[in-house]
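Only one chain is shown below, in structure tokens, and it's the form predicted alone.
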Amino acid sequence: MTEFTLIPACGAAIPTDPFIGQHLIDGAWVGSADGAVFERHSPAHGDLVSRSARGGGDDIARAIAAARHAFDAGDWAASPGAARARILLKTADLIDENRERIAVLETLESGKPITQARAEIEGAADLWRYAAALARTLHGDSHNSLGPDMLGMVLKEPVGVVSLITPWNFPFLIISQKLPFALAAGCTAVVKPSEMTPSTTVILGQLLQRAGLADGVVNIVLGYGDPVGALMTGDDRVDMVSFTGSTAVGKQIVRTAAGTLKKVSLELGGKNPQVIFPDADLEAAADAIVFGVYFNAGECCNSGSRIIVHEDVAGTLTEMVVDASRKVPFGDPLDPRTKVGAIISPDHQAKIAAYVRDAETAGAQVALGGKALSIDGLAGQFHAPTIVTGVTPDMAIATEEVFGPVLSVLTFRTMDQAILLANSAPYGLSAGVWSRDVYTCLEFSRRVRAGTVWTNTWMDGFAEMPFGGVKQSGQGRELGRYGIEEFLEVKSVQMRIGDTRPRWVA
């Protein structure tokens, strides 16, 4: 008998032949110039899932040249918004048609549950449709109050060639938070997905071609951050870099991009607090806490990985969270009942375990879990739902991103203490507050340093709402109308419409 809810191997068929991924360069699917390839095995099942071309310097140089030529030729950048929108809408329809194919491959490469993957692909299609609407509504400003002989215009133009670098935890969703907005703005792109989850981005490239996108507008290079990502950020033919991933890599991108002063947009790590006041609906809060920390196995920048709970209800709420955690189904990601799948790699599994071990050494207590899980019939790596109590602000587990199914519990007495704890981490991506008092929620929302604040809920998301962080969680915004603004430059045009310009030389 186990204290957890485990889903053994369900016997779902895994393709015997791996998915073959190639680079998309100037409209052609090609292998690497040097013939190199890399493989990806399922983190849940151990089976070979994909074999992909491993990009090098020659490959990325050709991809950047193709994107540069496509932008400078002007056909895409100068095309009507309606024409760009048609491509994006057709792509969204094709994503819907291929949802199951994309979801299964993403589950096999990432280890996430199939039901979650399906929902993410559905959400991605919605982002392409929303970006299509923005393509048709782009506009600048006019200034008719500069005097009788002057007319001012503010134009918004595409920034140019953009490098888009995406992570392994939400590979299809995150490229869909970037690419359709860049295309709606009129940019061309070079895309590098994570080497651990490359294949669904390849499928997206195939769908873009079927939707009628011109050659060279979107190029995809598979491979590792070194050398592919580094070359994408340093090349002076690239006008902008948009990166989602770790804060450490984000800082390196800023350093590399500084050589050409290109624009940089970063969506980085988070150590996101939920603050629970004593008047909160504890049952609702407990359910949201469990969702927030175990969603995507905690491998999520928005993970609600720490709760800051009022001392009066800390014991009761912790017991509720422990009880609910035992009921969450962990196991085979191909089984529709599973809510939490595999950890992405053995190295990451070891990193998660080290954080829990170090917290115990520092005096914290493990109220639940804290260990790897063995799932019947599965060869991959899984980690138990873990709750760590007695956490103090000086512990690494309180301020650093664990990126696993691990919850840290801290306590407070006053609003000032809660705010101090919430703002104590170097990150500022998201935060949550639980209280029936709207004034408490508003005060917390105004004082916490975070790009998103949820009140009496956690991790709701909408295409219309901007997403991004402050402090070491990044810079810039994705989604909403702000998402397209990232890919635009502003140009002032000042027109003298009379012939009465004052003479400077008499």
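The numbering used is simple: start at 1 and walk along the sequence shown. Only a predicted model underlies this, so the values are computations on that prediction, with no experimental measurement involved.
The same protein has a further form, the form predicted together with a small molecule, not shown here; the description that follows concerns it.
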- Message: So, a 4.5 angstroms cut-off on heavy atom distances: do all three of Thr166, Tyr224 and Glu267 pass it with respect to the small molecule in the predicted bound form?
- Response: yes
- Contact stretch among 212-220, 123-131, 326-334, 237-245 - heavy atom within 4.5 Å of the small molecule in the predicted bound form: 237-245
- Query: How about Leu207: is it within 4.5 Å of the small molecule in the predicted bound form, going by heavy atoms?
  - Reply: no
- Is Ser345 one of the residues lying within 4.5 Å of the small molecule in the predicted bound form, judged by heavy atom distances? no
- Can you check whether Glu401 is within 4.5 Å of the small molecule in the predicted bound form, heavy atom basis? yes
- Although the small molecule is absent from this view, report whether Val249 comes within 4.5 Å of it in the predicted bound form, heavy atoms only. yes
- Which of these residues, Lys192, Arg84, His383, Arg306, gets a heavy atom within 4.5 Å of the small molecule in the predicted bound form? Lys192
- Answer key, the small molecule contact in the predicted bound form at 4.5 Å (heavy atoms) among Ile114, Leu429, Ala184, Val388: the residue is Leu429
